[in-house]
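Let's start with one chain on its own, the form predicted on its own, as C-alpha cells.
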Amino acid sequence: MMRALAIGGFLTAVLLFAAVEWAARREGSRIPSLADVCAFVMRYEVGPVPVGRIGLFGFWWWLGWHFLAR
C-alpha cells in the first residue's frame, strides 16, 4: 500500500514537472524553464562565496544519499 502511494506520488511529480517544462518552452511563455532556474541559482553569490553552486551541490548530494545509497 505505502509503496504504491510513493510510486504514485513520484509519478505525479514527474508529470507535473513535465507539464510545467512544456508550458515554459512554448512561444512567448513567461514561465522560466528548468535550465533558466538552474542558471539563475548557479549565478547567486554572497560576496565572493558562490552560495548557489554550494546549495545546488548540497541538493544533489542529498538526493543521491537518499535515493542511490543502499
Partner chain sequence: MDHPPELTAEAPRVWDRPVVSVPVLICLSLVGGQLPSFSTAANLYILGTGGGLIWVGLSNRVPRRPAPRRLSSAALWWLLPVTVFGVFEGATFVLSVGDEFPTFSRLADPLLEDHLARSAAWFAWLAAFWGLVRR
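Each form is matched to the other, and the largest set of C-alpha atoms that superpose within 1.5 Å is called the rigid core. Small disclaimer: the values here were computed from a predicted structure and weren't measured. Positions refer to the first chain, counted from 1.
From this point on, the text means the form predicted in complex with its partner chain, which you will not see here.
Trainee: Using heavy atoms and a 4.5 Å limit, would one call Gly9 a contact residue for its partner chain in the predicted complex?
Mentor: Yes, contact at 4.5 Å.
Trainee: Although its partner chain is absent from this view, report whether Arg26 comes within 4.5 Å of it in the predicted complex, heavy atoms only.
Mentor: Heavy-atom contact with its partner chain at 4.5 Å: absent for Arg26.
Trainee: Flag Leu16 as yes or no: does it have a non-hydrogen atom within 4.5 angstroms of any non-hydrogen atom of its partner chain in the predicted complex?
Mentor: Taking the distances in the predicted complex, the answer for Leu16 is yes, it comes within 4.5 Å of its partner chain.
Trainee: Scan 17-54 and note down the residues that get a heavy atom within 4.5 Å of its partner chain in the predicted complex; none is a fine answer too.
Mentor: Contacting residues: Phe17, Val20, Glu21, Arg30, Ile31, Pro32, Ser33, Leu34, Ala35, Asp36, Val37, Cys38, Ala39, Phe40, Met42, Arg43, Pro50, Arg53, Ile54.
Trainee: Taking the rigid core as the reference frame, tell me whether Gly47 has a CA displacement of 2 angstroms or more between this form and the one not shown.
Mentor: For Gly47, whose C-alpha is compared between this form and the one not shown after core superposition, the shift is less than 2 Å.
Trainee: Using the core for the fit, does the CA position of Phe17 change by 2 Å or more between this form and the one not shown?
Mentor: Moves: no, less than 2 Å.
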